[in-house]
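For reference, the chain that follows is the form predicted alone, supplied as C-alpha coordinates.
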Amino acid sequence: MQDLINIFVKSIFVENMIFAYFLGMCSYLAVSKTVKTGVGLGAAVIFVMGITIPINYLLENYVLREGALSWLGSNFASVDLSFLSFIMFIAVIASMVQLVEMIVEKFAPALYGALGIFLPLIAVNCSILGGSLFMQERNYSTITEASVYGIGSGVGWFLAIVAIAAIREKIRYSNVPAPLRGLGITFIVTGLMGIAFMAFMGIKL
(Lines give C-alpha, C1' and ligand atoms only; values in the text may rest on other atoms or scores of the structure.)
Protein backbone atom coordinates (compact mmCIF):
# COMPACT_ATOMS: atom_id res chain seq x y z
CA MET A 1 0.00 0.00 0.00
CA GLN A 2 2.82 2.39 0.87
CA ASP A 3 4.44 1.75 -2.52
CA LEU A 4 1.20 2.70 -4.28
CA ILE A 5 0.91 5.92 -2.25
CA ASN A 6 4.54 6.74 -3.10
CA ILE A 7 3.91 6.20 -6.81
CA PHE A 8 0.74 8.32 -6.67
CA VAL A 9 2.31 11.25 -4.80
CA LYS A 10 5.47 11.12 -6.90
CA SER A 11 3.56 11.17 -10.20
CA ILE A 12 1.53 14.22 -9.09
CA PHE A 13 4.22 16.41 -7.55
CA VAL A 14 7.77 15.16 -8.14
CA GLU A 15 7.30 13.90 -11.72
CA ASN A 16 4.51 16.25 -12.81
CA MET A 17 3.98 15.96 -16.57
CA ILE A 18 3.83 19.73 -17.05
CA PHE A 19 6.22 21.15 -14.48
CA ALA A 20 8.87 18.40 -14.49
CA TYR A 21 8.82 17.27 -18.15
CA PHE A 22 6.81 20.05 -19.91
CA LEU A 23 4.74 17.45 -21.78
CA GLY A 24 1.31 18.36 -23.14
CA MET A 25 2.10 22.07 -23.34
CA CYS A 26 0.01 22.73 -26.47
CA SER A 27 -3.31 21.80 -24.83
CA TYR A 28 -2.15 23.26 -21.51
CA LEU A 29 -1.58 26.70 -23.05
CA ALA A 30 -4.54 26.73 -25.43
CA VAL A 31 -7.34 25.53 -23.13
CA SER A 32 -6.28 27.24 -19.89
CA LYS A 33 -7.98 30.57 -20.55
CA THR A 34 -10.83 29.76 -18.15
CA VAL A 35 -11.05 27.43 -15.15
CA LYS A 36 -14.19 25.76 -16.56
CA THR A 37 -12.52 24.56 -19.76
CA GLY A 38 -9.34 23.70 -17.80
CA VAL A 39 -11.31 21.47 -15.42
CA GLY A 40 -13.09 19.79 -18.35
CA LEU A 41 -9.94 19.00 -20.28
CA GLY A 42 -8.06 18.01 -17.10
CA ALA A 43 -10.80 15.53 -16.16
CA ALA A 44 -10.68 14.09 -19.69
CA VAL A 45 -6.90 13.66 -19.41
CA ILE A 46 -7.26 11.87 -16.03
CA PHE A 47 -9.78 9.49 -17.59
CA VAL A 48 -7.68 8.81 -20.70
CA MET A 49 -4.45 8.27 -18.75
CA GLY A 50 -6.21 6.15 -16.12
CA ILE A 51 -7.54 3.84 -18.87
CA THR A 52 -4.73 3.80 -21.47
CA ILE A 53 -1.73 3.20 -19.18
CA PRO A 54 -3.13 -0.04 -17.64
CA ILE A 55 -4.21 -1.26 -21.11
CA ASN A 56 -0.78 -0.47 -22.52
CA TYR A 57 0.79 -2.23 -19.51
CA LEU A 58 -1.11 -5.40 -20.40
CA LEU A 59 -0.13 -5.04 -24.06
CA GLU A 60 3.51 -4.55 -23.11
CA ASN A 61 3.70 -7.50 -20.72
CA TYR A 62 1.48 -10.04 -22.48
CA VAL A 63 1.93 -9.24 -26.17
CA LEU A 64 4.81 -6.95 -27.11
CA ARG A 65 7.96 -7.55 -25.06
CA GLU A 66 10.30 -10.46 -25.76
CA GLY A 67 8.87 -13.68 -24.34
CA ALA A 68 5.51 -12.04 -23.54
CA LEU A 69 3.67 -14.49 -25.81
CA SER A 70 4.99 -17.56 -23.97
CA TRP A 71 1.46 -18.06 -22.58
CA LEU A 72 0.51 -19.19 -26.13
CA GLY A 73 3.06 -21.99 -26.01
CA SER A 74 6.78 -22.66 -26.03
CA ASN A 75 6.98 -21.90 -29.77
CA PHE A 76 6.18 -18.24 -29.08
CA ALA A 77 8.62 -17.77 -26.16
CA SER A 78 11.25 -16.10 -28.35
CA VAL A 79 8.88 -13.75 -30.21
CA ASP A 80 9.71 -10.06 -29.70
CA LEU A 81 7.11 -7.52 -30.88
CA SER A 82 8.53 -4.55 -28.95
CA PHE A 83 9.10 -2.70 -32.25
CA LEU A 84 5.30 -2.29 -32.40
CA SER A 85 5.11 -0.50 -29.01
CA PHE A 86 4.69 3.04 -30.36
CA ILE A 87 1.98 2.24 -32.89
CA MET A 88 0.05 0.01 -30.47
CA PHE A 89 0.20 2.58 -27.66
CA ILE A 90 -0.99 5.33 -30.01
CA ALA A 91 -3.85 3.13 -31.31
CA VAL A 92 -5.07 2.51 -27.74
CA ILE A 93 -4.82 6.22 -26.89
CA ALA A 94 -6.68 7.28 -30.05
CA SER A 95 -9.53 4.84 -29.41
CA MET A 96 -9.93 5.97 -25.78
CA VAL A 97 -9.91 9.64 -26.80
CA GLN A 98 -12.65 8.90 -29.33
CA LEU A 99 -14.69 7.34 -26.52
CA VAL A 100 -14.15 10.41 -24.28
CA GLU A 101 -15.14 12.73 -27.13
CA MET A 102 -18.40 10.84 -27.68
CA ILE A 103 -19.22 10.89 -23.93
CA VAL A 104 -18.53 14.63 -23.55
CA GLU A 105 -20.51 15.49 -26.69
CA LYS A 106 -23.47 13.45 -25.41
CA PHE A 107 -23.59 14.60 -21.77
CA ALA A 108 -21.87 18.04 -21.81
CA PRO A 109 -22.41 19.70 -25.21
CA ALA A 110 -21.51 23.16 -23.84
CA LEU A 111 -18.13 21.88 -22.60
CA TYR A 112 -17.67 20.03 -25.90
CA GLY A 113 -18.15 23.31 -27.76
CA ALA A 114 -15.80 25.19 -25.41
CA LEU A 115 -13.01 22.62 -25.74
CA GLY A 116 -13.39 22.59 -29.52
CA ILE A 117 -10.55 21.01 -31.50
CA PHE A 118 -8.46 20.42 -28.37
CA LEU A 119 -10.62 17.52 -27.14
CA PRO A 120 -9.77 15.20 -30.08
CA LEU A 121 -6.21 16.55 -29.89
CA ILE A 122 -5.78 14.71 -26.56
CA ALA A 123 -4.90 11.82 -28.90
CA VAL A 124 -1.70 13.63 -29.84
CA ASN A 125 -1.12 15.14 -26.40
CA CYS A 126 2.47 14.06 -25.70
CA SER A 127 1.80 13.71 -21.95
CA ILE A 128 -0.58 10.80 -22.67
CA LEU A 129 1.94 8.90 -24.78
CA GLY A 130 4.70 9.99 -22.38
CA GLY A 131 2.82 8.35 -19.50
CA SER A 132 2.74 5.01 -21.33
CA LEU A 133 6.42 5.26 -22.29
CA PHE A 134 7.44 6.16 -18.72
CA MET A 135 5.39 3.18 -17.52
CA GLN A 136 7.31 0.99 -19.97
CA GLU A 137 10.66 2.44 -18.91
CA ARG A 138 9.98 2.09 -15.15
CA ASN A 139 8.87 -1.51 -15.58
CA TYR A 140 6.14 -1.56 -12.92
CA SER A 141 5.64 -5.02 -11.45
CA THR A 142 1.81 -5.06 -11.35
CA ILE A 143 -1.09 -3.55 -13.27
CA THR A 144 -2.20 -1.86 -10.02
CA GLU A 145 1.05 0.13 -9.88
CA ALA A 146 0.65 1.09 -13.56
CA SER A 147 -2.97 2.17 -12.93
CA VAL A 148 -2.01 4.28 -9.90
CA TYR A 149 0.78 5.89 -11.91
CA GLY A 150 -1.64 6.66 -14.75
CA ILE A 151 -4.26 8.25 -12.50
CA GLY A 152 -1.59 10.16 -10.55
CA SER A 153 -0.04 11.54 -13.74
CA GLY A 154 -3.50 12.62 -14.91
CA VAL A 155 -4.21 14.32 -11.58
CA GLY A 156 -0.86 16.13 -11.81
CA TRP A 157 -1.74 17.42 -15.29
CA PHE A 158 -5.22 18.40 -14.02
CA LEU A 159 -3.74 20.41 -11.15
CA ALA A 160 -1.33 22.16 -13.50
CA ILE A 161 -3.97 23.28 -16.03
CA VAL A 162 -6.49 24.34 -13.36
CA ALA A 163 -3.80 26.33 -11.50
CA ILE A 164 -2.64 28.19 -14.61
CA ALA A 165 -6.27 28.79 -15.69
CA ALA A 166 -7.07 30.36 -12.31
CA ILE A 167 -3.96 32.55 -12.52
CA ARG A 168 -4.77 33.60 -16.11
CA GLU A 169 -8.30 34.59 -15.08
CA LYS A 170 -6.90 36.85 -12.32
CA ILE A 171 -4.07 38.18 -14.48
CA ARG A 172 -6.58 39.78 -16.85
CA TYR A 173 -7.17 42.44 -14.21
CA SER A 174 -3.44 43.07 -13.71
CA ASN A 175 -1.33 45.69 -15.42
CA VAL A 176 0.79 43.32 -17.52
CA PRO A 177 3.16 45.06 -19.99
CA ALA A 178 1.68 44.93 -23.51
CA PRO A 179 4.43 42.75 -25.08
CA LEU A 180 3.93 40.08 -22.38
CA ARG A 181 0.14 39.84 -22.48
CA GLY A 182 -1.31 36.46 -23.40
CA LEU A 183 1.15 33.64 -23.96
CA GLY A 184 4.20 35.66 -22.85
CA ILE A 185 3.14 36.05 -19.22
CA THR A 186 1.71 32.49 -19.27
CA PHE A 187 5.13 31.07 -20.19
CA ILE A 188 6.77 33.12 -17.43
CA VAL A 189 4.23 31.97 -14.81
CA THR A 190 4.58 28.35 -15.98
CA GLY A 191 8.36 28.57 -15.59
CA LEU A 192 7.98 29.97 -12.07
CA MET A 193 5.51 27.22 -11.17
CA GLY A 194 7.95 24.65 -12.56
CA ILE A 195 10.68 26.05 -10.28
CA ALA A 196 8.24 25.95 -7.34
CA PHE A 197 7.40 22.29 -8.05
CA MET A 198 11.12 21.46 -8.00
CA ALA A 199 10.85 21.87 -4.22
CA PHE A 200 8.89 18.59 -4.13
CA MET A 201 11.98 16.76 -5.40
CA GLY A 202 13.30 17.01 -1.86
CA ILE A 203 10.49 14.78 -0.56
CA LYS A 204 11.91 11.45 0.60
CA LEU A 205 9.60 8.73 -0.76
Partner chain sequence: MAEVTETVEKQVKQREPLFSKKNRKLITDPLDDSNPITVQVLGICSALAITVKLYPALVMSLSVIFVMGAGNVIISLLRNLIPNRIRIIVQLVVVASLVILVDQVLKAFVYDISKELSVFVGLIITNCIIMGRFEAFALANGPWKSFLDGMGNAFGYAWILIAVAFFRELLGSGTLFGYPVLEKIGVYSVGYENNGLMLLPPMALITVGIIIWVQRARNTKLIEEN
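Positions refer to the first chain, counted from 1. For the two forms, the rigid core is made up of the largest set of C-alpha atoms that agree within 1.5 Å on superposition. Predicted, not measured: the structure shown is a model, and the values here were computed from it.
Another form exists, predicted together with the partner chain; not displayed. Remarks below refer to it.
- Every member of the trio 19, 86 and 130 reaches the partner chain in the model of the complex with some non-hydrogen atom inside 4.5 Å.
- Contact annotation for residue 26: at least one heavy atom lies within 4.5 Å of the partner chain in the model of the complex.
- For residue 198, a non-hydrogen atom is located within 4.5 Å of the partner chain in the model of the complex, even though that partner is not displayed.
- At least one heavy atom of residue 190 is located within 4.5 Å of the partner chain in the model of the complex.
- At the 4.5 Å threshold, heavy atoms of residue 134 reach the partner chain in the model of the complex.
- Think of it this way: in the model of the complex, the partner chain has a heavy atom of just one of 100, 123, 111, 79 within 4.5 Å, and the residue is 123.
- Between 134-142, 153-161, 34-42, 61-69, the stretch whose residues reach within 4.5 angstroms of the partner chain in the model of the complex through a non-hydrogen atom is 134-142.
- A movement of the C-alpha atom of residue 102 reaching 2 angstroms or beyond is seen between the shown form and the other one when the two forms are aligned on their rigid core.
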